[in-house]
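A single chain, nothing else alongside it, follows as structure tokens in the form predicted alone.
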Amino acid sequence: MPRDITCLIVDDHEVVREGLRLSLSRAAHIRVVGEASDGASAVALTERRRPNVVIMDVRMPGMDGLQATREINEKVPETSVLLFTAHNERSLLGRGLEAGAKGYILKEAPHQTLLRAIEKVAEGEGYVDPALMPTFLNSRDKEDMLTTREREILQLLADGMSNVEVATRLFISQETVKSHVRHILAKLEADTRTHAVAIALRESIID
């Protein structure tokens, strides 16, 4: 039985929040601890409630989901953000992960996919909705999704370096390296660093 996971729901449409709350109430190990209708409220509520996962809409009036994700990542780093959106634009996925989101799921995702996404990001792992995979089949898309720094780190991993060695080489902290590796795994839909390197070599993202 998975451990209890506390969630905060953020969406500017009440009907979406209600539907999500109802869906999550069917999972015994998931508990909704609050709701917010905009980014600023989401940040404030996350600071107060400290949920394991924030299910975050991307497009909202005022502070949008990407900015709210960035602030939550800075202020409550132990909380994982799962972006929840009807927009399957690749650029949004890249920007969301850059903002510090752990995962990305479409609003029309089946119940089991939503649960799996919540469980994954609650453990600090990356998750990308499988329905988005057709968007990433083109290798150019995959390459475009990775930042220059992420490609640089992936190349060093391919050269056999450890996180400590990568951090030393690039004059950044081990935590920063780990964060980049998480984003790389999520973007490339890879299970491990080795898998990510294999995908990157196959797609000619690195040499």
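What you are looking at is a predicted structure, and each value in this text was computed from that prediction instead of being measured. One rule holds for the numbers: they count along the sequence shown, beginning at 1. Here, rigid core means the biggest group of C-alpha atoms that superpose within 1.5 Å across both forms.
Keep in mind that the form predicted in complex with a further copy of the same chain is not shown, yet the notes after this line are about it.
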item: Proximity of Y104 to a further copy of the same chain in the predicted complex, heavy atoms at 4.5 Å; value: no
item: Any non-hydrogen atom of L45 within 4.5 angstroms of a further copy of the same chain in the predicted complex; value: no
item: Interface membership of E108, a further copy of the same chain in the predicted complex, 4.5 Å heavy atom rule; value: yes
item: Heavy atom of D4 within 4.5 Å of a further copy of the same chain in the predicted complex; value: no
item: Heavy atom of each of H13, E18 and R21 within 4.5 Å of a further copy of the same chain in the predicted complex; value: yes
item: Residue stretch of 45-53, 169-177, 28-36, 154-162 approaching a further copy of the same chain in the predicted complex, non-hydrogen atom distance within 4.5 Å; value: 154-162
item: Contact set, 190-207 vs a further copy of the same chain in the predicted complex - heavy atom within 4.5 angstroms; value: D191, T192, R193, T194, H195, V197, A198, L201, R202, D207
item: Core superposition between the shown form and the other one, C-alpha change of E14 at least 2 Å; value: no
item: Is_shifted L154 between the shown form and the other one (CA, 2 Å cut-off, rigid core); value: yes
item: Core-aligned C-alpha movement of L24 between the shown form and the other one reaching 2 Å; value: no
item: Shift in CA distance, I153 and Y104, in the predicted complex relative to the form shown here, given it is 3 Å or more; value: farther
item: Distance trend in the predicted complex - C-alpha atoms of L201 and Y104, change of 3 Å or more; value: closer
